[in-house]
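Only one chain is given next, in structure tokens, and it is the form predicted alone.
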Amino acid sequence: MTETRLGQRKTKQRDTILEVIRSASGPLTVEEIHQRGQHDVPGLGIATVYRTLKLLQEAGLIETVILPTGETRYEPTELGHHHHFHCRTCDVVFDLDACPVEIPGGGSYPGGYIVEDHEITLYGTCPACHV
């Protein structure tokens, strides 16, 4: 993260929050980011997390993921096209590398629909909870 991209000085809190998001196996909630960030920055405040998320979004370093449930989570922008798996047992959301849909952007769907993009969230039980 550079100072000029954010328009403000670099801080340990910002670096930690960005690293928490980048190192996650899927998009995180504000509460998850806050909790994980406190391991490196004890006393990290929730207001700092919210302010930093806004700055990181404005800088184009992270983006929001809104699940079909309406829950907002955050992930790095550099991931490219991917989908998510939401475990109903542990409530963790994982990134999926493969796309289960073979409709390219700009393609057509029967009935005259022109597909520009798509998002998919699969639900079930993750390997850790399945055991």
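Don't overthink the numbering: it's just position in the shown sequence, from 1. Values in this document were obtained by computation on a predicted structure and should not be read as measured data.
Absent from the display: the form predicted in complex with a further copy of the same chain. The rest refers to it.
When contacts are defined as a non-hydrogen atom within 4.5 Å, all of 88, 99 and 111 contact a further copy of the same chain in the predicted complex. Among heavy atoms of residue 47, none comes within 4.5 Å of a further copy of the same chain in the predicted complex. None of the heavy atoms of residue 19 is located within 4.5 Å of a further copy of the same chain in the predicted complex. Although the partner is absent here, residue 77 is not a contact residue: none of its heavy atoms lies within 4.5 angstroms of a further copy of the same chain in the predicted complex. When contacts are judged by a 4.5 Å heavy atom cut-off, residue 41 does not count as touching a further copy of the same chain in the predicted complex. Contacts between 57 to 74 and a further copy of the same chain, taken as any heavy atom within 4.5 Å in the predicted complex, involve 66, 67, 68, 69, 70.
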